[in-house]
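Just the one chain here, laid out as C-alpha cells, in the form predicted on its own.
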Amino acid sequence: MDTASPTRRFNRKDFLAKLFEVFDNYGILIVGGFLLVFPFMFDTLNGSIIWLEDNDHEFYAEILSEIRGFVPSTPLMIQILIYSLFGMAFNILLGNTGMLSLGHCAFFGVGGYTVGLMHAWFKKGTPVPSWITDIFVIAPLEISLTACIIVSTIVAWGVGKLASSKRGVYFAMVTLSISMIFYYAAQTFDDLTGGTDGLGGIENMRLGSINLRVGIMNVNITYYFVYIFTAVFVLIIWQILRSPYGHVLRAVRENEDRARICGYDVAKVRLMAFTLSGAISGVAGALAIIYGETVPIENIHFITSGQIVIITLFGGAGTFMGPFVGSFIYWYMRQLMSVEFVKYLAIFQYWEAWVGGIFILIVLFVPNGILGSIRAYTLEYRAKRHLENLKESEGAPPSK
C-alpha cells in the first residue's frame, strides 16, 4: 500500500501535466471547436424547455430553466469573444513585451466610433455627398471595417510614437493621459459623437457582398460574424507570437539591454508591438458596437482599460489563452452575480465589489493568473521529474 500510493500520486500529476501541455498546445483548437457549436447547444436547451412546457412536463422544464440560468447565453458569449480578442491584443504588450498600457480604451473606442460614425452619417439626409453614400451602401460593413483597421492603425502608431519611448509607470501614465484626451474629445464634440449619451442612429449593419444582415436582431448570425472575425485575428496573433518577431518581443520583455546588444532596434520593436496591439484593439471595438448598434461613450473611458487589465491578469498575462479565460471569468461572474445570485442575496447586486475582491485574491495568491500559475506549476513539476529520472538513471536515490 505504502509503495503503491506514491506511484498513483505521481501518475496523476503526470497526467495533469500532460493534460495542460495538450491544452497549452491545442487549446485554441479545442476552444474554437466548442465555440463553433455553442449556439446550437444553447438553442437546443431552449427548445427542450419549450417542448417540455408544451407537453405538460413542468417539473423537468423548471429544472432545465434553472440550469439555463447558469449557462452563458449567446449574447453573453458574443461579449466574451469580443473581449477575448481585445485581451489578446492587449496581451501582445503586457504579456509579451512587458509594456503596461492604461490607455487601450482609446483604440477600442476609436474602432467603435469609426464604424459607428460611418454608419450614422453615410446615409441619406446627412451632409455627406450622395456619391459617397451610394458607394457605401453597396458594402457598408466591408468598407467601415476596413476604415476601422486603417484608422486604428494610424492612431495606434501616432500614440506609440509619443509613448513607446517611455518605460514603466511613465509609459502607463502617458497612455492613460492620451486616452483621457480621446475621452474628453468624444464628450466635447457631442454633435458628432453623441457626447455622454453615446452615438446612436446606426443603420445598415450589413455585409453587402453576401447581403447578410447582422446586428441586435440577428443574434446567431452576429455570433458567427464575430466568431469568424475573432478567429481570424486570433490566428494572426498566434502566428506572430510564434514567429521570430514574437521571440524578439519576449527578449525585449526579459532584458532590453541584451536585446539591443544582440542588434535589435528596441524602439522599433516596441513601436511595432504597440501599433499591432492598438490596431487589433480597434477591431474589437468595432465588433462591440456591431451587435449593440450603438457606441456608448464608456467604450472610450478609462474603465474599459481597467476591465481589460483585470481580464488579462485573471487568465494570465503571457499565456496565449489567458485573455479568453479571463474574459469568460469576468463576464460570466458578472452575469451570475447580477442576474442569478442576486435572487438569493441582494448584496450580489454590487457585483463590481465581488469581482474586485476576486481580483485581489488572484493578485495575492495566484499572481501569474489562472493559466499562468498552472503553467508554472506544470513546468516546475516536469523539471523535478526530469531531474529524478536523471538521478535514477545514474543510480542515485530519487529525492523526496
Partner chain sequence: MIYIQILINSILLGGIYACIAVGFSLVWGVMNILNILHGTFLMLGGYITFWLFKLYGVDPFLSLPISAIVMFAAGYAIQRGLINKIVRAPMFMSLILTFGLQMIVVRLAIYFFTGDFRTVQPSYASFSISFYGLIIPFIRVAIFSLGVILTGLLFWFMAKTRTGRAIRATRMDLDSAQLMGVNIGNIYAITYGLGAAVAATAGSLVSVGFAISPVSDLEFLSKAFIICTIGGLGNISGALAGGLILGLVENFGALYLGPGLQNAVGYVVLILVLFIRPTGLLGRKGFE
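Positions refer to the first chain, counted from 1. These figures come from a predicted structure and were not determined experimentally.
What comes next is about the form predicted together with its partner chain, which is not displayed.
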{"property": "Contact test in the predicted bound form: residue 352 vs its partner chain, heavy atoms, 4.5 Å", "result": "yes"}
{"property": "is_contact(residue 271, its partner chain) in the predicted bound form, heavy atom dist at most 4.5 Å", "result": "no"}
{"property": "is_contact(residue 313, its partner chain) in the predicted bound form, heavy atom dist at most 4.5 Å", "result": "yes"}
{"property": "Distance check, residue 73 to its partner chain in the predicted bound form, heavy atom within 4.5 Å", "result": "no"}
{"property": "Listed residue (69, 357, 33, 47) with a non-hydrogen atom within 4.5 angstroms of its partner chain in the predicted bound form", "result": "357"}
{"property": "Option touching its partner chain, based on a heavy atom within 4.5 Å in the predicted bound form, out of 123, 253, 260, 166", "result": "166"}
{"property": "Listed range touching its partner chain, judged in the predicted bound form by heavy atoms within 4.5 Å, from 344-352, 22-30, 53-61, 371-379", "result": "344-352"}
{"property": "Within 159-181, the residues that have a heavy atom no more than 4.5 Å from its partner chain in the predicted bound form", "result": "162, 165, 166, 169, 170, 173, 174, 176, 177, 178, 180, 181"}
